[in-house]
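We begin with a single chain expressed as structure tokens, specifically the form predicted alone.
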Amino acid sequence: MLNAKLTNKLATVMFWAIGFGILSILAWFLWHILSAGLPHISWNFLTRKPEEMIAGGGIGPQLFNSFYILFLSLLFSIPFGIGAGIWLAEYARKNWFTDLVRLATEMLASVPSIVFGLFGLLVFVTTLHLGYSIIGGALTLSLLNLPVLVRVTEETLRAVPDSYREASLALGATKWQTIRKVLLPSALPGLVTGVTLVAGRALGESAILIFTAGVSVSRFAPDLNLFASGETLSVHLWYVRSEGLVPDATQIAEGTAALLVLVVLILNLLIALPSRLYQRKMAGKSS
């Protein structure tokens, strides 16, 4: 009994230490980036076009392109990803074909993003003659998001108790009505978590977009043309630090990095908070 209590205390201390360690690393990471970059963020920095040779350029077109490509990639990937997850969880029979689909999904989820970038370069940029464009980058990013959305949707729906399905079907609902009105609302928090993960990953992605969306921006800002070149914040950060010739390249990179972190944090909050409120509302109704 004494050994069991001692082991329990040691395990508790160890896990608390691990938790504090992770939070400390995250806090140091955020402080290091934000303290260096926030002083360089201003209204002119957020709205002006970038400069190639003189100081004082901004990141306005890159900021717009980041959200534009993110929106398009989610527009393409969410219906197909969630639809495939619903099929695997609710309709697919257990056979070699569904096992092959799951295996392929898991393999695609582990493929490095630069491989998707090369695939997008070969298919969308070269074969389909889309060039370095916003639509090419968005389509390639949607391929990166699909495996995660499929697996998250399937696992989230499988976590819903079977009693929900049985009760709905017993009341005369069809299978699709059960999925649409019972299972999907119950699985909504998990689905929102999956969308949040892929959205944050897409905002910070650079390898794919270097090969498909390019490293330049349109002369017009904002430019809704799907076939215009679409450099994003993450690509601009890479370009400025690696090949930038402007005198204030370091300041631009630090400001871009801080802005990218803030955008990801704010996006996660905007997506996660309504989901948490909805979850509490549903829990209150059920109780």
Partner chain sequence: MDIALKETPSDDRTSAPPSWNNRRRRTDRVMHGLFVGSAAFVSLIIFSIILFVGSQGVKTFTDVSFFQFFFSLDWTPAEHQFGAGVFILGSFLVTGLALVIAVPFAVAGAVFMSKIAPSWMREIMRPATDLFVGIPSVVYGLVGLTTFVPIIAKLTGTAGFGVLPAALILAIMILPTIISVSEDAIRTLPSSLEEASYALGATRWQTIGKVLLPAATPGILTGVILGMGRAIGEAMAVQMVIGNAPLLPKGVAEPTSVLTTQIVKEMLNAPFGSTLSNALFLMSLVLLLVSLSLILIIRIVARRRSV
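Quantities reported herein were computed from a predicted structural model and do not represent experimental measurements. Superpose the two forms; the largest set of C-alphas matching within 1.5 Å is the rigid core. Positions refer to the first chain, counted from 1.
Unshown form predicted together with its partner chain; subsequent notes refer to it.
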Discussion item. Given the stretches 223-231, 54-62, 24-32, 41-49, which is the single one in contact with its partner chain in the model of the complex, using a heavy atom cutoff of 4.5 Å?
Written reply: 24-32
Fill in: 4.5 Å heavy atom contact, residue 105 to its partner chain in the model of the complex
yes
Discussion item. Is residue 75 near its partner chain? Define near as a heavy atom within 4.5 Å, in the model of the complex.
Written reply: no
Discussion item. So, residue 96 and its partner chain: in the model of the complex, are they within 4.5 Å at any heavy atom pair?
Written reply: no
Item to complete: Check whether residue 175 has any heavy atom within 4.5 Å of a heavy atom of its partner chain in the model of the complex, and answer yes or no.
Response: yes
Response to the item:
Checked 244-270 against its partner chain in the model of the complex; residues with a heavy atom within 4.5 Å, sequence order, are 253, 254, 257, 260, 261, 264, 265, 268
Worksheet item: Using the core for the fit, does the CA position of residue 54 change by 2 Å or more between the shown form and the other one?
Response: no
